[in-house]
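Just the one chain here, the form predicted on its own, laid out as structure tokens.
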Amino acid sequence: MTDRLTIATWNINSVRLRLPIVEKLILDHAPDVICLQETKCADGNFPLSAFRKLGYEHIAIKGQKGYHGVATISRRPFLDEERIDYCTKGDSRHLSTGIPFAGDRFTLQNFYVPAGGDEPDPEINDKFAHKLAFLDEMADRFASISGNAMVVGDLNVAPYEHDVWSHKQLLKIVSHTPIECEKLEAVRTAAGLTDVMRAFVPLEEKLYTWWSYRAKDWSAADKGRRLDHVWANPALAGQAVSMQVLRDARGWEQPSDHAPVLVRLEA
């Protein structure tokens, strides 16, 4: 019997403020698992009942008041949960859950990597230093990943030339500097993971998931970046049958500056 599973990942930029558009995502696309980042919500204030009314009984959260925060919301039970405090700063940036699929399981890791501030110099910008250290720790930990695994989330790096609207103009802009791109690739390759989004969209084609609030007409300007990612080990990646960036969601009422990404697995 075929098992089908749709996973969504979305930096929602405040889950309580933007709950109506998360509900719209659910009603329009019915993903089985939703990974949210930048929930900006303490655990005690997370809107559990709203999601349970929509059929998501299984909810894992790691939040904090006003900043950061990750949540994984599922129609399927979690086989286990883990939360790692990367860089021991007390930030809520990582959540791992075991997901049953096709008579087996995989580990789903939900990340919100630090943005890194504006100045790409770790000597004068503590936020950028934190981002680089976070990526280094990810690479160290990913070297021991085994079994079926998927990594999703706002990784805050657009690593390839056509992951940004202008490779030349963004080379000195945080999120596309060479050192960030190199470190993110080191994370992915440390565990031998496949870039699932780029398996569907060739490297020579533009692919964005984020458009700045600063643009008066974000869609017409189309100065985007791909900051959100889906990676998986080759066996699991081979079971991905579709991938979609819901660009239209960037234009929904009171939108996040990120669009959700949906990946469908079949086995």
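We number the residues from 1 along the sequence you see. All values derive from a computational prediction rather than experimental measurement.
Separately, the form predicted together with the DNA exists; it is not shown, and the next lines address it.
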item: In the model of the complex, the one of G44, G55, G66, P202 near the DNA [non-hydrogen atom within 4.5 angstroms]; value: G66
item: Answer option from R141, H162, K89, K127, heavy atom within 4.5 Å of the DNA in the model of the complex; value: K127
item: Segment that reaches the DNA in the model of the complex - one of 228-236, 22-30, 47-55, 211-219, heavy atoms within 4.5 Å; value: 211-219
item: Whether S14, Y112 and Q254 all lie within 4.5 angstroms of the DNA in the model of the complex by heavy atom; value: yes
item: Contact test in the model of the complex: R198 vs the DNA, heavy atoms, 4.5 Å; value: no
item: Non-hydrogen atom contact K131 with the DNA in the model of the complex at 4.5 angstroms; value: no
item: R93 within 4.5 Å of the DNA in the model of the complex, heavy atoms; value: yes
